[in-house]
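Let's start with one chain on its own, the form predicted alone, as structure tokens.
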């Protein structure tokens, strides 16, 4: 057994990985709790991956999409549980990624040399939101149909280029079976092929540069900074957070199982209070407000411009708040982050109150 172990370790280079894990440390301070949200996001994605593969065995895209989801929910043994786990873990994944992103922002962990960790993290968030949007249509019940239709009306409102893009995504002029097939391909093939390599790069960058400390800790002498070994101390705590997350997902799936509405009817009327999922609610409400203030294309164009500029400023913050720059820049970046999170929460709550 010893020779076999030495053979495997030598051939696969596991020794270097184990040595890195033994020597790596994680900073310990009053904000160390926020380090766990990256691991929680990873665990939620793994739950989605496993549950998604199980659903893939029974789901049939196209005209039979609704019937296949109905069979999964009501006829397949524990199908309702797997479907609920998949949907709840998706929401928790995006929630944990948002928390992780804001904790990285306010701890200034985007500064040199971690700029590419920030960029890849934003890329993972964007792909995660596309996962949610593309997967929402797949049951093809009434709510999913009209919510997707409303969502695709946003790009179609862009002058000149908008309608062709929306028609390409839909596979025609209306949401139908071709749209389901395209969304299924996007959800189960294209997005995973984009997400997994980017996730690997992001995790490698985290291991390479380590965990950042907040600015207050950087000013302390090295001798006064506390840390804990990554393995086994931090790993054990990370696994404990994974176990708690698994229990939360299981409780939500068992107590609040994901429902399936009536089959979509293109000729029927949209349900009252139709709205997107919570992670798109702030954008949805902002466009509604701009649409009322500036009727027609002007409101939608201004809303899209606001989102584009805001995302660009958010992504490029490492080039503004540079390590060693004047403290005024750091304060302005912090105020910008507070404004973004306040705006997002207010618009999301406002959106739910107005539906």
Partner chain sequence: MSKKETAAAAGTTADEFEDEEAREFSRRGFLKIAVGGAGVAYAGAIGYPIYRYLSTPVEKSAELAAVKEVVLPNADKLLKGSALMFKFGVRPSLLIHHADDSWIALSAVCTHMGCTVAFNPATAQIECHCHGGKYDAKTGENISGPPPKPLKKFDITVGQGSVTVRRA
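The shown structure was predicted, so the numbers you read here are calculated from the model rather than taken from an experiment. Positions refer to the first chain, counted from 1.
In what follows, reference is made to the form predicted in complex with its partner chain, a form of this protein that is not presented.
Participant: I need the one stretch from 216-224, 117-125, 77-85, 179-187 whose residues put non-hydrogen atoms within 4.5 angstroms of its partner chain in the predicted complex.
Facilitator: It is 77-85 that comes within 4.5 Å of the partner.
Participant: Counting only non-hydrogen atoms and a 4.5 angstroms cut-off, does residue 259 reach its partner chain in the predicted complex?
Facilitator: Answer no; every heavy atom of residue 259 is more than 4.5 Å from its partner chain in the predicted complex.
Participant: Determine whether any heavy atom of residue 233 comes within 4.5 Å of a heavy atom of its partner chain in the predicted complex, and answer yes or no.
Facilitator: No.
Participant: Answer for residue 57 alone: is it within 4.5 Å of its partner chain in the predicted complex, judged on heavy atom distances?
Facilitator: Taking the distances in the predicted complex, the answer for residue 57 is yes, it comes within 4.5 Å of its partner chain.
Participant: Please run the contact check for residue 112 against its partner chain in the predicted complex: heavy atoms, 4.5 angstroms, yes or no?
Facilitator: No, residue 112 stays farther than 4.5 Å from its partner chain in the predicted complex.
Participant: Please tell me which of 270, 254, 243, 150 lies within 4.5 Å of its partner chain in the predicted complex, judged by heavy atoms.
Facilitator: In short, 243.
Participant: Even though the chain is shown alone, can you say which residues of 191-220 have a heavy atom within 4.5 Å of its partner chain in the predicted complex?
Facilitator: None of them.
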